[in-house]
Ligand code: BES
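Next comes just one chain, in structure tokens: the form predicted alone.
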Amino acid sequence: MKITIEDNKISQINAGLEIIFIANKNLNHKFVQDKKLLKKAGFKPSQDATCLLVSKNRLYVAVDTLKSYDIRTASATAIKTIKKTNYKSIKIATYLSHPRCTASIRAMVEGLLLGEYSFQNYKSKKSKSKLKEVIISTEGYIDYEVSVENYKKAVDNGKITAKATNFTRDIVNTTPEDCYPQTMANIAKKLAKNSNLECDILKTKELKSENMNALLAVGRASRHSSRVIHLAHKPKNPKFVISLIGKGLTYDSGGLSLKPADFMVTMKSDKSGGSAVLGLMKAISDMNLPIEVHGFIGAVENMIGGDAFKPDDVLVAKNGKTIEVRNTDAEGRLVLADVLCYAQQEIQADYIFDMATLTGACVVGVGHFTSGVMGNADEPVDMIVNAGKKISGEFASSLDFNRYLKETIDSKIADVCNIASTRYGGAITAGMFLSEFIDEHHKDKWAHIDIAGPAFVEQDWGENPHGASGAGVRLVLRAMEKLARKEV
């Protein structure tokens, strides 16, 4: 679907269908030409409500406000409605909430592309939308003076963001038979070639020489050997240096602490953190942000077999800390422990952010649609939380560490235990486990993002489809963009 800006009034643009947003229940706005028909159709202007008037070639969509988070979901709803029709082109005016801010235009583009997404790789008969073109008029719902250049930049950034998110969705949705550690490495290599990124892949021999024993233990029962991926975006004179770390469990059976059958379904989504890092590196490169960003992914498959690691094992992590294993299904934190250590060894970063579908406890705590953010210091945590709903469209909530929960991951026979001695506060205790592998230099520069809730949901919600949402991409990207604008 092609999206362009045209410096013309909406009435002067030729298209098969016009989308009109109705803001704040204002049916008296000049754009609303069919008030009587809307009333006759029983249209009630609440957020994301739609009314398609085929005889008028107009689609009305209600928004509570003109802010980006409302425009984004309304745009996605509109495109989902249009996908079912035979319209080939649509036109839409600009809807800005502020005279000097084009965030709503970017959000509109994101919503259109995110709403258009569908994963059909395994369908024998694929449905195709007839919609080919979206034209955005510079005529505004409110008459603000904004340059065409600023409009175009907002559209371009919206495209980059949505395409990176959909790229991530595709990886997460791919089955474990087709996406295993080497597959993720191949995706990274191809991405590096197409996006001007540096790429380095560590295989088993290199992982052993780096003493990444916890990661290797998780993957050793799989027929697919583990990989650690390192992608780098290195502009000249970067303002900051950032490390992004992703959990890339291409499948998680639970290991010998085997998951129940129904819990094993959707475990292809356990690579969502690593997939989000791939999507972020794509977006950061495409935007050519003036910050140096390193993406590290631990790509591993956790399976069962005669060589599987076991409860009661004690593993020695890369930093020398010993880990008592009491549950092999708490494997993501073992992978991240080694990758975090490796990332800190390789790069002295100004900030470190890791992303993982780490705990079901986070879903219990904050629900399916919200990521939990935690760390040792407020600044990096606040950077992510503040990039949440109002900016990126993703929900994020901080979860505070405390010394009493830390006591629950103490081990009697090793330095730390991979699960807590209590069933409560599991998202936080997992984050505190990871903090054991953050060195003194980076202690207050790190935030952990548990995306277990929003990464994969088996229903449509907002601008997200059934399945993978690409959680973390827009959230962290907006934080990176803010850093890129910051004066050093």
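Bear in mind the structure is a predicted one, so any value in this text is a computation, not a measurement. The first residue of the shown sequence is 1; numbering continues from there.
From this point on, the text means the form predicted in complex with the named molecule, which you will not see here.
Colleague: Quick one: find which of 391 to 399, 358 to 366, 237 to 245, 344 to 352 has residues within 4.5 Å of the named molecule in the predicted complex by heavy atom distance.
Modeller: Within 4.5 Å of the partner lies stretch 358 to 366.
Colleague: Flag this candidate site as yes only if 259, 267 and 327 all have a heavy atom within 4.5 Å of the named molecule in the predicted complex; otherwise mark no.
Modeller: Heavy-atom distance to the named molecule in the predicted complex: all three under 4.5 Å.
Colleague: Residue-level contact is defined here as any heavy atom of the residue lying within 4.5 Å of the named molecule in the predicted complex; does residue 333 satisfy this criterion?
Modeller: Looking in the predicted complex, residue contacts with the named molecule include residue 333, since a heavy atom lies within 4.5 Å.
Colleague: Residue 63 versus the named molecule, in the predicted complex: is there a non-hydrogen atom within 4.5 Å?
Modeller: Judged by the heavy-atom cut-off of 4.5 Å, residue 63 is well away from the named molecule in the predicted complex.
Colleague: Is residue 449 near the named molecule? Define near as a heavy atom within 4.5 Å, in the predicted complex.
Modeller: Contact with the named molecule, no.
Colleague: Report whether the minimum heavy atom distance between residue 252 and the named molecule in the predicted complex is within 4.5 Å.
Modeller: Yes, residue 252 lies within 4.5 Å of the named molecule in the predicted complex.
Colleague: With the named molecule left out of view, choose which of 457, 432, 52, 419 has a non-hydrogen atom within 4.5 angstroms of it in the predicted complex.
Modeller: When the named molecule is considered in the predicted complex, the option within 4.5 Å is 419.
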